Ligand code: G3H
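Only one chain is shown below, in structure tokens, and it's the form predicted on its own.
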């Protein structure tokens, strides 16, 4: 038995071995938020099982974390109607509040959210198998994102706090909300990426219905009271249950004005098609990606390996921004692969609460079988797993596999594996990886590793027209959040970042009047009397 096999055999702990601070009491959620009220659910519930297994007499079994409501079409429509009533065709309290007042509500929410940090971080760790360190980072980064978004909104409003006079027309141009937003986030960042759409949508005056992802539901329960107490009734409403049963009916009503969805392009297409007036539906979508890393012959291999390991295997490769295929020049492939394998061997595997752990169990029950399939397919077409223990699994844990050499016949060439499998492709001519990027259905990011300016510069000019971020000598990533985050082709629609998201969930509107004495008097009376929330020269400090 190899060392990896021995570790896998004993990777899951007995319940008694779980540290006191990491233990989790099952959370039986029976509540949901709609119309400003937390209602009790007496119907069927879905059992939540953790990716963390516990050792038992029959082998490892997923720990039970609790349950959440399996709501029906009736409750889904009730939540949508509550959001629509709160918006009230733009006349509701929330869309007509001043920007300063909406910010005050959001600041109240931040304060209440921070009180729940420890509980949410622990739930993140147990629900999706993310390390305690990364779970804490996700929470803190989310709070920081909200603060940064508030500051960006203040700046945006300051720039709009004056009138302009052009060609005999007096006007004030500001951004106005779009209506009811349906927010659906992904399981890999169930708090952060859900909030990167939810928060700007709210701050711009929209009302929201949001459904947590399939994995990462319970961690939102501690925030229900914070949402209820921080915002006017109906501004935030929650949905739980099977997406196929409750989301389709919402879209079919035509009452959803904005679809904010992070997931697969296939699901996004289905949701969009269910809307009866697709041209009235705004979409803000973060979708699939197959980000490539390109290692040139003159690359600093130690740096390239370090960035590629982090890029490919952070949170077990379950990130849209992960490096999902590596192209390595033949002149350095042997040395690169040797260093890559050695670096992976140095990654600590274990349970999410263990210090400095890098490899943890996978939340999707079907993922280990899928990864075994794509590895087997690659082997059938001539590839090998070149690291010891690569692809070995124990229940929900899969040890990373470096698969080499990968070619176009293999599923790993085309499919986003979203897990700890690292496909490596040798190349002789840089046109080969460039063609891959050009031909790909996806266009989020790419990483280029090298030192020759004459080689890299022309690559940049090609790649920036195929993907939306080219990373030089660094892994693909989202941050900093002030940078644009989007994609071409089937990878995204709309741009998410601190300032771009505020624009994505709003539209430029203006009040205009001819430059006449009567109109000037009218506008002055409105401004001095503060009779309009929109037409205002108030300046947020």
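Here the structure is a predicted model, which means the values were calculated and not measured. Numbering follows the first chain given and starts at 1.
Keep in mind that the form predicted together with this ligand is not shown, yet the notes after this line are about it.
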**Request:** Report whether all of 175, 201 and 505 sit within 4.5 Å of this ligand in the model of the complex, measuring from non-hydrogen atoms.
**Result:** no
**Prompt:** Can you pick the stretch from 79-87, 348-356, 187-195, 394-402 whose heavy atoms fall within 4.5 Å of this ligand in the model of the complex?
**Reply:** 187-195
**Prompt:** Exactly one of 50, 499, 477, 491 has a non-hydrogen atom within 4.5 Å of this ligand in the model of the complex; which residue is it?
**Reply:** 477
**Prompt:** Pick from 339, 141, 233, 384: which has a non-hydrogen atom within 4.5 Å of this ligand in the model of the complex?
**Reply:** 141
**Prompt:** Any chance residue 102 has a heavy atom within 4.5 Å of this ligand in the model of the complex?
**Reply:** no
**Prompt:** Quick one: is residue 320 in contact with this ligand in the model of the complex, heavy atoms, 4.5 Å cut-off?
**Reply:** yes
